[in-house]
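Only one chain comes next, encoded as structure tokens, the form predicted on its own.
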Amino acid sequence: MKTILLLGATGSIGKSTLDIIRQFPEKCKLIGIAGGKNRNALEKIGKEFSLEKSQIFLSDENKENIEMFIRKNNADIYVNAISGEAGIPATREIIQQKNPLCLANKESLVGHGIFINRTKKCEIIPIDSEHSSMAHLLSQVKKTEVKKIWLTASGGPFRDREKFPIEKFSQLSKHDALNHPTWEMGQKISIDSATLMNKAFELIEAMRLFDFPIETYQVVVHPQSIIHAAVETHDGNIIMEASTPSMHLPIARSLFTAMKESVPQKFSIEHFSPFGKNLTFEKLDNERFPSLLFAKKALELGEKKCQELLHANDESVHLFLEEKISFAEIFKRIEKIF
């Protein structure tokens, strides 16, 4: 049995992680949780898993910082599912430990990936479905065989060019942007998906996780979110990983990889059936969604620019969620600040 410290326990990734822990009580023991504002939800989780007060961290009320909490609650496996830049201090602390980190906080690698790779003492296992699939696919081929790595994007709620032309971006509401067609996520990441900034950050994250030049990666719009990643080899073969759009599989894979085990056969998830499905792929429209251009420029200019891109996006999304700027202004503000 492995002990697990779960940071970001009340978010969508945290909740799905708890589902996995519940499914495998003989394999996983939750020894601590952390969250931001939702005291009631944290206390409920604490009661379910028989945690003491010292094993529950509420950032809005706790006098200690997250780094001290991590040091006091040593675990066999750490899961960082804290959303946004707030999750970076936790990552920087955990990488000083020797036990593996299952990482869902992409901001850590986007803003500090070079530093993290240079100083980490532990294995970092990605939780994002795309990077989880990439890691799985790349383990099946030699590095010299890889020609392209496909990073798939749903396209978000405004993918339809006819229904949502760029001229209408200034009229799109907060409700429209939060209505993701495939995934259920928190507000911040839902807006990032609508702007495709989430995919821009995932490109930077992939660069930090896998040692390939940027021209190896190709972002492709795949509205059905069934194919999570693909690897093209020099002989013309393309291997893809397909599954239902659920975070339970990449989380389970991350946890059991940290345990040096395969996901058990009894793992319960809806299996993908190809019958009656049409899987489509489209080119990314950089004019309507310039986020990927921002990411490539940031990578070209260095890690400080990646950090600036994070800050600019966080500020712009925050203003949009407060309905102080329009959807179109998100891109304009990011470009101006960045």
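Start at 1 with the first residue shown and count on from there. Model, not experiment: these values are computed from the prediction.
Note that the form predicted together with ligand NAD isn't included here; everything after this is about it.
The candidate spot formed by 203, 216 and 232 lies out of contact with ligand NAD in the model of the complex, as no residue has a heavy atom within 4.5 Å of it. Among heavy atoms of residue 23, none comes within 4.5 Å of ligand NAD in the model of the complex. Taking the partner from elsewhere, residue 37 is found to have a heavy atom lying within 4.5 Å of ligand NAD in the model of the complex. Although the partner is absent here, residue 186 sits close enough that one of its heavy atoms falls within 4.5 Å of ligand NAD in the model of the complex. Taking non-hydrogen atoms only, residue 109 never approaches ligand NAD to within 4.5 angstroms in the model of the complex.
Checked against ligand NAD in the model of the complex, the candidates 223, 245, 113, 84 yield a single residue with a heavy atom inside 4.5 Å, and that residue is 84. 66 is the sole member of 28, 309, 56, 66 with a non-hydrogen atom within 4.5 Å of ligand NAD in the model of the complex. Looking at 170 to 178, 92 to 100, 76 to 84, 117 to 125, the stretch with residues near ligand NAD in the model of the complex, meaning non-hydrogen atoms within 4.5 angstroms, turns out to be 76 to 84.
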